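Next up is one chain by itself, shown in structure tokens, the form predicted alone.
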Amino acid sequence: MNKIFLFSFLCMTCCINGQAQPQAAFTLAMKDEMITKVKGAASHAWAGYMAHAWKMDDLEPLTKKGKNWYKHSMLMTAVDAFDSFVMMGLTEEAEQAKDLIFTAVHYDIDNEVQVFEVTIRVLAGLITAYEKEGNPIFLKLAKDLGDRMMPAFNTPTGMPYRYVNLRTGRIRDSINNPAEIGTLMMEFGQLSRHTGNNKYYAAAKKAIMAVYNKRSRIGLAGEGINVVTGKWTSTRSHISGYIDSYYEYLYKSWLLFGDKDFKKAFKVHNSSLKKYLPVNTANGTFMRVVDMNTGKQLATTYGALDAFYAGLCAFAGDVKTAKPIQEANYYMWTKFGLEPEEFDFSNDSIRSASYILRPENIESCFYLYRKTKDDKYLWMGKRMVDDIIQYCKTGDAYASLKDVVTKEKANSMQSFFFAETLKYAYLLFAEETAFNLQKEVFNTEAHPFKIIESKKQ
């Protein structure tokens, strides 16, 4: 470690209640060092995938074996990783991923797939690849995949079933949730843009607006709904899994398409979120679980997925709300050495001890740094990246953690490690020209879509 970097590191922060108190500037040399680390992590993880899980969905890094989600591989890691490699300038890795996509991907397969996961990872990855490269093969694959998932929308409410068979069109699981229903708008809408066929946009908009129209009188959504009857099956309301990216997509779909219905829905929901969910503590502002109809507190659980909301608030221009939430996010990370999947902020007890290489905390650092230029978010991000490298790196790739306290590793490296975690880590330290927030918007898997310049009001 050079003397300048050592001095900066020693001066950089006191950790008061887990909150970063920056004492020195984050230099250009330090940014370059972090970029090198992140790119090295991406190359290392990809080499492990290519060596042990080639043509499969994910690498199991401890047993050094590949794993598929369904009967047949969807090439999730290759599709999810491609645009990250392009963005980072990892040419060899990008070419390898593209070659896998062009030679091994097809969708006339007997796979019953989860519509949400395949949409945000695979459909989105193909659309972004088409926008970045212009090769019509990417769009042809995206259209084929989108068409095969369209039967899921055939419900009385327009809200989709959770699963569809890509070959037969058979659908199942009518109990869905706002995140899996709403987090299709950007991808299917962008597919309409590139194919000229509005059916994708229309189906996805009907679905997401159906959720909005089922909101409670106080403007909140629940975590479970029957897509046939339109009845809520769970009235728990929060910003975590099952709901989180529904709110995210209302705002981002407004930016992407200029559709005022999305802007209005986001404002209604977000006003209610800020009224009923925040809990101010000495460690920052956490977001609790409440009943969607009354706003009554049901739980004080918070976790890795919830960490996205600080970034969304900052991106939407509400830095004042975002800052104390990110302080809570950083506390959650530093309290346990890495963030747990879920903990109870009222008594600092872990509810789920795993860390599965999630990106949301780093994502929020990225948006807050872009909006404030405050170096403390670089220091936060550096701590998170360094912890991931220290505790999650294996000889061949990176591994999730079974327990953030003991740092015991788990046999999993999901594709979003490439698509999101490493991408946000890279962009946090890169020049702003690496990604223009005015011209592109990320889907929830951090695949960038080009913004349509149109009638935003």
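Note that residue numbering follows the sequence shown and begins at 1. Because the structure is predicted, anything quoted here is derived from the model rather than measured.
There is another form of the same protein, the form predicted together with ligand DMJ; it is not shown, and what comes next is about it.
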| item | value |
| --- | --- |
| Contact stretch among 319-327, 71-79, 114-122, 215-223 - heavy atom within 4.5 Å of ligand DMJ in the model of the complex | 114-122 |
| Proximity of D83 to ligand DMJ in the model of the complex, heavy atoms at 4.5 Å | no |
| Contact of H269 with ligand DMJ in the model of the complex (heavy atom, 4.5 Å) | no |
| 4.5 Å heavy atom contact, E93 to ligand DMJ in the model of the complex | no |
| Heavy atom of K382 within 4.5 Å of ligand DMJ in the model of the complex | no |
| Proximity to ligand DMJ in the model of the complex, single hit among L298, L305, V105, A353 (heavy atom within 4.5 Å) | L305 |
| Contact residue in the model of the complex, from G146, G284, P359, G189 (heavy atom within 4.5 Å of ligand DMJ) | P359 |
| Residues from 397-418 in contact with ligand DMJ (non-hydrogen atom within 4.5 Å) in the model of the complex | F416 |
